[in-house]
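Starting off, we have a lone chain in the form predicted on its own, written out as structure tokens.
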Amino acid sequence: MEGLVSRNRHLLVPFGLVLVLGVIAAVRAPQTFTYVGLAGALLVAAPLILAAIAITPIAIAGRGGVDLSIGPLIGFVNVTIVVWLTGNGITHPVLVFAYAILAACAWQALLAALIIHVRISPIIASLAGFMILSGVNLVILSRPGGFAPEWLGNWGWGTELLSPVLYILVAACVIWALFSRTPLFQHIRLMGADERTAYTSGVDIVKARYAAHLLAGVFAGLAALCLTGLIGSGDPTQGNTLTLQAITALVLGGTSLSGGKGGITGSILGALAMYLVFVVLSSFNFGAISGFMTQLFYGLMLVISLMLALVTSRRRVAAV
């Protein structure tokens, strides 16, 4: 029992935050915890949860890898589903699912290639990706519009808890659970903790980093499908807002930005905390500045999360 608590000590902060925010939300916005309210919450929170999960393996892989392009990448898949697929009559669920995952994986493979073979810093590569994809999305679709495939647009009703969005979240957790039990995942962790030691121990660094990015691509594709189902159309800027929120959820969930530590449980708790902040703030009347207040609190949560991570890290070092 003591070992279990010690291994999951990094989850205490996000779990406590979710608990506190959940109580406040239950008082301020009790409709959130009705059947329909929970179904709607699941639909709205799913893209953020999956985006936070997507950047987790990249962060664990080390080199300060935080994928800043995750938001525009999700937006890219969203707008291309609406413009390229639906616009040309390609709406079969198998084809749309395959396209979303393959497109996101292809982008992540490109990022991995830049980091591994061109030796560009991960943060610079993903920042360039953020700017490139943000522009490309606007070229493909200059303003929100178009229509998602009918079956995907129906997800946006958000009236049923046992919905495809829930099944996708469960599938994402199963994928992570299976992958985290493979030797390849342990290689990613070892590489993130100390790349030089991992290399001298025989870890295939190239294979491990590609695997981390491709796994991120799978989750990013699923996030894009959920976002498209949520809005029922294409929006070239909607995904961009997910970048800051996903990184905040990642840090809040205890994943180390220096690599080697973390998991999706923390990322999911962090994303839930972010959603509950949105619910609590929405229950107050901030008028025209409500959007700015939400961004302000997200930014404060990111700073506080980083400070807590720094303090915890120093205490561990001092204890050793």
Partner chain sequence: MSRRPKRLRAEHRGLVLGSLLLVALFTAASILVEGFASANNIRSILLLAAFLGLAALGQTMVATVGGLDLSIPFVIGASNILLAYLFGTSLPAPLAILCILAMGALIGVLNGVMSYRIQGQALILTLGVGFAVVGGAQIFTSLGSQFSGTVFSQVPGWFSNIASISGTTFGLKLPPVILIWAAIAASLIFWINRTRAGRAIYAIGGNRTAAARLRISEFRVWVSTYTISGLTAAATGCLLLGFSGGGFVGVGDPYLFTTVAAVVVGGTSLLGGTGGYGATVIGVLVLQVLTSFLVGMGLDYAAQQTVFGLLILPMVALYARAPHIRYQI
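Quick caveat, the model's predicted, so the values are computed rather than measured. The term rigid core refers to the maximal set of C-alpha atoms that superpose within 1.5 Å between the two forms. Residue numbers count along the first chain shown, from 1.
In what follows, reference is made to the form predicted in complex with the partner chain, a form of this protein that is not presented.
The shortest heavy atom separation between residue 298 and the partner chain in the model of the complex is within 4.5 Å.
Using a 4.5 Å cutoff between non-hydrogen atoms, residue 235 does not count as a contact of the partner chain in the model of the complex. When contacts are judged by a 4.5 Å heavy atom cut-off, residue 292 counts as touching the partner chain in the model of the complex. When contacts are judged by a 4.5 Å heavy atom cut-off, residue 135 counts as touching the partner chain in the model of the complex. Proximity to the partner chain in the model of the complex, taken as heavy atoms within 4.5 Å, picks out 256-264 from the listed stretches 276-284, 256-264, 46-54, 28-36.
With the partner omitted here, the residue from 95, 102, 184, 124 that has a non-hydrogen atom within 4.5 angstroms of the partner chain in the model of the complex is 124. Contact residues in stretch 216-246 (any heavy atom within 4.5 Å of the partner chain, taken in the model of the complex) are limited to 244. Taking the rigid core as fixed, one finds a CA shift for residue 16 smaller than 2 Å between this form and the one not shown. In this overlay on the rigid core, residue 295 has a C-alpha that sits 2 Å or more away from its partner position between this form and the one not shown.
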